[in-house]
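Coming up is one lone chain in structure tokens, specifically the form predicted on its own.
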Amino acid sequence: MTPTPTRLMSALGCALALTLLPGLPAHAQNATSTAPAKKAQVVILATGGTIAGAGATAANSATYQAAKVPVDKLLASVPELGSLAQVRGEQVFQIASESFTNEHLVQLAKRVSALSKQADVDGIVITHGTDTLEETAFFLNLTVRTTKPIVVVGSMRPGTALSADGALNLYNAVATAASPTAVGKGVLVTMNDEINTGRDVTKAANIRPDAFKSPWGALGMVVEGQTHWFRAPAKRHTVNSEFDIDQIQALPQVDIAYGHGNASPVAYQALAASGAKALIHAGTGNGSVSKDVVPALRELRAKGVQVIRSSRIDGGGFVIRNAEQPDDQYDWVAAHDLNPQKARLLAALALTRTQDAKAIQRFFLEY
């Protein structure tokens, strides 16, 4: 039977409805469409911290016990992770991050490095306490040779608290680790919806969820599981680094002494006597050194101890070489914009390669 114009229009309308109906499944709209893309495979390494903590009541957001919740329960508490990636967890440590040691850093970095070489791993997330989160992120950024996304995440409130931030922070971390847009950007930190580079980020507050900031600004944001980028890291990291955790077994002792009014050389001398190979001076302003401390530091440098001038200023301390102190004359190192705790890590890694202050200064300018 020959179709009438009315029947032709009706058929055409049905076809258009199938094409344009927004809620219709893809397979109904196009029978020849390809299968959905395979989900990224993300490994979550748990180390403890507040994100694995618990308080006595829901009102306890600042008073709680850290490192109580194991990784399997942590992942089960955020079932939405399965919509982002194929996720599996591994408990590396269960400690509060203020107790992280050099040995913990080396062990964790070696595990991250090993996982990054596996074909069935597309990204890695490390859950971490916030007290030293920035240090671990920077250390991994310097030592793990991979382009695969590595994301360090924590929380400022335990999961038992009202308005806890850990679940969303973890969700955002997995979204970032699973995203191809995060490849090659070095080690990242996702907190409070922001994506920061592990090189810059620092903990700037201790009881608010917006605690982590970078003095030079965030790299991007995570919004409803989608990453949005605004800038890229400029300093050397990961695959471009001269440091390789696979070749490092231990770190030399490097300690920090705090500059302040009425400062004396006692702390510097005691740290050197205990075996420090380098001293980070957390100086006032532009890494300034008290006139009462300068002679002791010069004497220690003459004995082979490296002296690195950093700044105790939060959120943007910047030490200029040969300003405040004649670094060339004293054979000292300026920490550039690295805060004292990050300067300690770079100095320790530098000492695994050289004892020359000029070479160490290059590391501080490039990393």
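For every residue, the number given is its place in the sequence shown, counted from 1. Remember, predicted model here, so these are calculated numbers, not experimental data.
This next part talks about the form predicted in complex with a small molecule, which is not shown.
The candidate stretches are 122-130, 142-150, 75-83, 270-278, and the one lying within 4.5 Å of the small molecule in the predicted bound form by heavy atoms is 122-130. Shown alone here, Thr50 lies within 4.5 Å of the small molecule in the predicted bound form, counting heavy atoms only.
The shortest heavy atom separation between Ala182 and the small molecule in the predicted bound form exceeds 4.5 Å. By the criterion of a heavy atom within 4.5 Å, Ala66 is counted among the residues contacting the small molecule in the predicted bound form. Of the heavy atoms in Met156, some are within 4.5 Å of the small molecule in the predicted bound form.
Residue Ala96 is the only one of Met221, Ile248, Leu115, Ala96 with a heavy atom lying within 4.5 Å of the small molecule in the predicted bound form. For the options Lys235, Lys203, His104, Arg111, the residue carrying a heavy atom within 4.5 angstroms of the small molecule in the predicted bound form is Lys203.
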